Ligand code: PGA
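The chain below stands alone and is given as structure tokens, in the form predicted on its own.
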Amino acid sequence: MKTYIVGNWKLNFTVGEASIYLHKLLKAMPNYRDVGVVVAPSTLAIQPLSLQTDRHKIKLAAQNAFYRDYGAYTGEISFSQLRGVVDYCIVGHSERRYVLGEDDKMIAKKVEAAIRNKITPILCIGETESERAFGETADVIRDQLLGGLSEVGDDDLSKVIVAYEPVWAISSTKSSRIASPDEISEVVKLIRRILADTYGIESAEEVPVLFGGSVKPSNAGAYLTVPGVNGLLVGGASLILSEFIDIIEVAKRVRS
């Protein structure tokens, strides 16, 4: 299975800055067959970057999209409008859940809309610090995973990527702390078990599972060697060219 390194730029970079960054990134890295590099710029930058990028090296992801293909939804951008422009879309990120109030029902509709429009959804799930402290991690992961996949049938499960991103490990949160490989392994095993119980063992094994949460060059290798982890969702470090390239290089070495 391919290893994925996904850089989520969030609300950073102007269109010009994003273009310069992508140019430098494309120039700095070769085409890695076993490592899929993806960047998720702001919506405004997606179209011009889609004309600039070399999709053999780097693919684009949207950070969000709306589940309706068209209609009276002022300010929204649909998956159908993104079709052919991006290959991936981040869905259910904790900032969409906890800051902007998206629930599992809406997230499930977005996952289904992404697949319908031939865009791979990267379904983010993860518990808060208080939920972990009260022993609710397993329940939260199960609810978010099965809730987000509720519109996905057996034949489409292989078209989904799951990203475990515990809210307490995201560097932008006040309570941020570094997740240990053991903590990650425990939840990744749970994710695989839930998928196997719901869709079957073979189908569960086809789903890439990523980890996200304060990923840096210094810990990327440890995270990528956790059994069942197929890549990383990178936040702050993806904004620093040298650090993002280092993480990609780590992924390549691990794959070798």
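In this text, all values refer to a predicted model and were calculated from it rather than measured experimentally. Heads up: residue numbers just count along the shown sequence, starting at 1.
Below, we refer to the form predicted together with 2-phosphoglycolic acid (PGA), which is not included among the displayed structures.
Visitor: Using a 4.5 Å heavy atom cut-off, which stretch among 153-161, 133-141, 181-189, 92-100 contacts 2-phosphoglycolic acid (PGA) in the predicted bound form?
Guide: Partner-contacting stretch among the options: 92-100.
Visitor: Can you pick out, from 42, 214, 230, 50, the residue that has a heavy atom within 4.5 Å of 2-phosphoglycolic acid (PGA) in the predicted bound form?
Guide: Contact residue from the list: 214.
Visitor: Does at least one non-hydrogen atom of residue 127 fall within 4.5 angstroms of 2-phosphoglycolic acid (PGA) in the predicted bound form?
Guide: Outside the cut-off, so no.
Visitor: Would you check, heavy atoms only and a 4.5 Å threshold, whether residue 86 touches 2-phosphoglycolic acid (PGA) in the predicted bound form?
Guide: Although 2-phosphoglycolic acid (PGA) is absent here, residue 86 would stay clear of it in the predicted bound form, with no heavy atoms inside 4.5 Å.
Visitor: How about residue 106 - does it come within 4.5 Å of 2-phosphoglycolic acid (PGA) in the predicted bound form, if we only consider non-hydrogen atoms?
Guide: No - in the predicted bound form, heavy atoms of residue 106 and 2-phosphoglycolic acid (PGA) never come within 4.5 Å of each other.
Visitor: In the predicted bound form, does residue 119 have a heavy atom within 4.5 Å of 2-phosphoglycolic acid (PGA)?
Guide: No.
Visitor: At a 4.5 angstroms cut-off on non-hydrogen atoms, which residues of 219-235 are near 2-phosphoglycolic acid (PGA) in the predicted bound form? List them in order.
Guide: Stretch hits, in order: 233, 234, 235.
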